[in-house]
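Next comes just one chain, in structure tokens: the form predicted on its own.
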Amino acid sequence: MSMMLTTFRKVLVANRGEIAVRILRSCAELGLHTIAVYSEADRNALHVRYADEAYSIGPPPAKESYLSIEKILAVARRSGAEAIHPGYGFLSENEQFAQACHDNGIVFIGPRAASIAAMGDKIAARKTAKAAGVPTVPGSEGPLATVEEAQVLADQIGYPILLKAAAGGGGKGMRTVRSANELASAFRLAANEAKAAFGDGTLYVEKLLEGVRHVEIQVLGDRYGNVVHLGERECSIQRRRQKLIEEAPSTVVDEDLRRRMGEVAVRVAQAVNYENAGTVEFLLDRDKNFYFLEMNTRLQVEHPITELVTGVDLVVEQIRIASGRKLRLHQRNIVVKGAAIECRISAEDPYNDFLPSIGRITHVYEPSGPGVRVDTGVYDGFEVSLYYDPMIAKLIVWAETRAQAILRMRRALEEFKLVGIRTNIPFHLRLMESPTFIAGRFDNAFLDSFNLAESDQTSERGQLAAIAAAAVAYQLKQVKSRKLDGTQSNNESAWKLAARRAALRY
């Protein structure tokens, strides 16, 4: 097939926050002219400042701004944008948006609408994976219209089960059901939530596999049929089905398993003629059997850890692929080096059931140093509102080993200060000190029993604090006893005693 290049110089980023800033930076490095869109709540946002041009697209609610296909396309026509990058969330997995871009002669920096549709319907995606010879979790072969149909299937595969939204993602429209008497209410709640979130209340059932890991494979494909994978990401640290911490590589994936999972992920992508960046997600059990979960037809929140361990700028590759260039990466040349960890920093109060924390960020102190990366959309004076996702930054570190990466992440988290609101940084710090996490002995249910105040064992920090407290108490007792009897050791000078007293005051 001959090379079919599409030249574009102006790119509109149809998103906000840290991902919009991240995409704008890669565009700038490629010499592309950038266009931002913003709601009234984001008039002073960082992505607006970074772009060469910026246009308002309406009121703060996403459905009236960032989810409005008509408004975004109107800005594209007005500004002369030749391509649109959707980022993640919002319209990134909307096949109507991808098709509308195509119909208006605008390059969609992502997969074709047909591929989005094929993988966006989770039931259809399961069928595609099974047809490609990929193992899937036992469950529905089609949508479930009634709770009675769900009951019949649940009796066949056995409890516990998961009710999942066919058009869903991000943990929405999903309920765990452990017995028949829970099914009716769970079905109703899941369907209502799916309808509200995705406009489609269709559900399907999967067997709930317990004690499993959530491991995903990053893939890249071009329009010429070339597809490669860039290794795995460990995404098992989740709260309410939402990922909080990701790392690459996984502690339980060896070279052979990585190769096998990667080959399956490539096969899934090829089955739908996949083009651009995507992620194939799997559940991995204790015996290292893996099962297809879903495919996300977009850039992932956690893509930076893959970038750090492979040296590949995924956004640049997305832009190159969308312009019609042949994939320049070959599987044999993709090597995973070192270890990377990402913590999602959210405006949430971890000491109050992770409720959103809104308000003005008066000061931002970002960590830096070797191997530290911060993807953020906030600054001094930024206003955090309830209109959008509470994730306001991503802290990513790389080191030669996982142990070094954990130590680097601890240091970076301690340096990261966002004054004026509460964040989940204390939660991340606590997790970095958990012996279970450090040992890599977790699964996707780990956070169900994790306590911010007290983890499963006394942390190293707690032990050191106890030792330090005991030492200070002992020194105080010694100083007081010397004061009482008026004596001073011949081996201790007045300078040493004065220094001890000064230390005790702090």
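Numbers for residues come from their place in the sequence shown, where the first is 1. This structure is a prediction, so every number in the text was calculated from the model and none was measured.
Just so it is clear, the following notes concern the form predicted together with a small molecule, a form of the same protein that is not shown.
Contact assignment for the small molecule in the model of the complex, among Ile396, Ala83, Leu293, Leu284, heavy atom within 4.5 Å: By the 4.5 Å criterion, the partner-contacting residue is Leu293.
In the model of the complex, the residue from Arg175, His214, Arg430, Arg373 that sits within 4.5 Å of the small molecule by heavy atoms: It is His214.
The small molecule contact in the model of the complex: Gln238, any heavy atom under 4.5 Å: Contact check for Gln238: yes, within 4.5 Å of the small molecule in the model of the complex.
Ser68, heavy atom within 4.5 angstroms of the small molecule in the model of the complex: Flag for Ser68 set to no.
Contact label in the model of the complex: Leu209 to the small molecule, heavy atom within 4.5 Å: Result yes; Leu209 sits at the interface with the small molecule in the model of the complex.
Ser26: touches the small molecule in the model of the complex, heavy atom cutoff 4.5 angstroms: Judged by the heavy-atom cut-off of 4.5 Å, Ser26 is well away from the small molecule in the model of the complex.
Listed range touching the small molecule, judged in the model of the complex by heavy atoms within 4.5 Å, from 353-361, 325-333, 107-115, 156-164: Heavy-atom contact with the partner occurs in 156-164.
The small molecule in the model of the complex reached by all of Val137, Gly171 and Asn444, non-hydrogen atom within 4.5 Å: Checking in the model of the complex: Val137, Gly171 and Asn444 are all within 4.5 Å of the small molecule.
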